[in-house]
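One chain comes next, on its own, written out as structure tokens in the form predicted on its own.
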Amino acid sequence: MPAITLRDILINARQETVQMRHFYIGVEHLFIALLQIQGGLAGSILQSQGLTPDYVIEAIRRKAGRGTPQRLWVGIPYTPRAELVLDIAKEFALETGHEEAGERELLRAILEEGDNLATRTLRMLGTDLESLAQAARVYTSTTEAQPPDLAVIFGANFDRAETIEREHLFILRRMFASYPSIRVERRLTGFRKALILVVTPIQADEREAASVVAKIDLADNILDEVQRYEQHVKSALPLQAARLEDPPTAPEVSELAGIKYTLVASSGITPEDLRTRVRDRGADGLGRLLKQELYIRFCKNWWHQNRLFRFQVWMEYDWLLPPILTLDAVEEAEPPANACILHIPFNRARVKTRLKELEFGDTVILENFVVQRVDYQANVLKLAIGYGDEADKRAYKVEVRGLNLSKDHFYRGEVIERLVGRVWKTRHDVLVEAALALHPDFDLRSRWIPTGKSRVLNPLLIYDDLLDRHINGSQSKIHGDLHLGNVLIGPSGSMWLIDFGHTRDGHTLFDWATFEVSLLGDAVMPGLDESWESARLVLQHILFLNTRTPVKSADSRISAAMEAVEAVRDIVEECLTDETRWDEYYIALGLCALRAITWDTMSLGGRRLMFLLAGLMALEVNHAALVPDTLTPSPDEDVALSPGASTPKTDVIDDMTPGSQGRLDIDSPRHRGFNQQSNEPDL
């Protein structure tokens, strides 16, 4: 837990003065704040002299007296004596080599100043101030100090089975430092590890402020989100949108940080995310809300600000898939002559060939890759091509395990000149293991996957071909992570978008492909069982959508949810670059679906549907009539890493050459072990 800082103490001093209706910070408020630290220095010293902290706090409060509700000035100023004590504490901190005063320095300053309400009360109680001051210099507590508790109330909609970790509470206190208490209304769902809460701040006079959305995550992620909000969102969203009006809370003593989203025009409204709404009340009316509340309100400044954009698919979608390599770091030594060298810049076609040859334990040398993330909890260094924010959405990500991250101090954006590792997994290994975890009722080696009376392509054999294709599409502002958990809805049906950590200029249809995947996985499949039969049933409905045939289902469990998916397709039709070329969307949807089979946050039935959906989209793309390229290559295409790559020119699926993966190697030792662990026979 981070050390107790002066800012922590001032938070509680401010709460104390508001509760006492003083509306100024005096030395007595600072001393009470010190005593409220559980296991803190001041309380421990007083207890050693026979006084309990609560007894001393009540004595000081009685001597100070309670103020009146009427405020005669704006803000909460410091008294001259409090400013003097804080200056003395700062001098003590500098003497000991600290930039900021903590509880020891502040306690020493209060005791050695000696002529304040707190010390006068201590004398009245018969304490020896000189011995207290001496103890403050040298005393070491045997218990870990904890910050004073912010009054946290939990609303009726908060799941009492949920817990908020201590580190997150530390940030939450900092975020709402100007309020004496808060009420946590509910926890919002999401795929990432971030904590997202709906919080109602409560003022000292018990008036409630408008609810806000508080998000706590790793500091790098929060600061990225703020930067993207300023660059892509702030000037482009309509009035009814979540806004960041306060700077992020990012204390140096913690790896976490927090931001608050203000929901404009939300007074008296406690919103919930769409995933919770669908789970609790179903998807009835969701399609209409998507069109009228979400799409219509945001399209003018986002998805309709589209411009022609010709790109190779990997440039927009490769980053969705697992890293191309996961390596175990090894000590620098003379590498074998046949070691694979990946360096930036490099030729994509040549690298693809080398990657297909790599096996478990092979040596790989990385040169000039850029640090994208440093995951201290998992002890994984995440590398990518590109610099700065570009590394977040560029292809060829590599993860390196086994480094001493706390010792080596890698930082984001750092260029790693050279790093040696051995192959633990390739991207294809990860995807195959994810597919095996679905316990398929078909031969995963086969090029075709049965779907009842029809069949779809095996996406594991075709995804690299999709990445090689070119798209004549459009580019616009996109949310970048549009799923049910990032759309909030109020009781009146009003909607807000939150979580702009991936917002950028990108392929216009990306948002709707990710949203359809979320709808299918979180709104359609949860109403069914998790069998392959149910997944194939839903796939038949998607086939109707692909032919633009209205979906009429006799199964009430999925009819309302499929109407919402149909609404997404209506939106997509308006955003297509060429309304006759749905392959622009099918490629995006197929790759987003393939990504989803690796999500352990999605149900088994949902992931099974995603596998079939990825295969169906690959089939649709290869059946699409090919139109001769007439557009001039974009500047992005001119600087592509693979200028020699060509687009597959086949529209007859049975004549198609096998994908770049060829025959699946699912009999490797790793995959056999996986099957044994899951009690499934080897395929």
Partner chain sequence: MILRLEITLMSGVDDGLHFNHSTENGDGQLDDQRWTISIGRREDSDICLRHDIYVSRQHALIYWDGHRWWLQDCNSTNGTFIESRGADERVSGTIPINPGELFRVGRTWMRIEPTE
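Residue numbers count along the first chain shown, from 1. We call the rigid core the largest set of C-alpha positions that still match within 1.5 Å between the two forms. It should be emphasised that the depicted structure is a prediction, and the values quoted were computed from it without experimental measurement.
Not on display, but discussed next: the form predicted together with the partner chain.
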Inset, instruction - Please check if Asp224 has a heavy atom lying within 4.5 Å of any heavy atom of the partner chain in the predicted bound form. - result: no
Legend entry - Thr52, heavy atom within 4.5 angstroms of the partner chain in the predicted bound form: no
Legend entry - Contact flag, His409 vs the partner chain in the predicted bound form, heavy atom cut 4.5 Å: yes
Legend entry - 4.5 angstroms heavy atom contact with the partner chain in the predicted bound form for Leu72: yes
Legend entry - Answer range among 342 to 350, 578 to 586, 445 to 453, 79 to 87 for contact with the partner chain, defined in the predicted bound form as heavy atoms within 4.5 Å: 79 to 87
Inset, instruction - Look at the candidate spot formed by Glu167, Gln203 and Ala210 and say whether the partner chain comes within 4.5 Å of a heavy atom in all three of them in the predicted bound form. - result: no
Inset, instruction - Could you spot which one of His470, His98, Arg120, Arg354 gets a heavy atom to within 4.5 Å of the partner chain in the predicted bound form? - result: Arg120
Inset, instruction - Using heavy atoms only and a 4.5 Å cut-off, determine which of Leu94, Ala151, Met124, Leu308 is in contact with the partner chain in the predicted bound form. - result: Met124
Legend entry - in the predicted bound form, residues of 57 to 71 near the partner chain [heavy atom within 4.5 Å]: Lys63, Ala64, Gly65, Arg66, Gly67, Thr68, Gln70
Inset, instruction - Compare the position of the CA of Arg71 between the shown form and the other one after a rigid core fit and state whether the shift reaches 2 Å. - result: yes
Inset, instruction - Determine, after fitting the two forms on their core, whether Asp570 shows a C-alpha shift of 2 Å or more between the shown form and the other one. - result: no
Inset, instruction - Answer yes if the CA of Arg81 moves 2 Å or more between the shown form and the other one after aligning the rigid core, and no otherwise. - result: yes
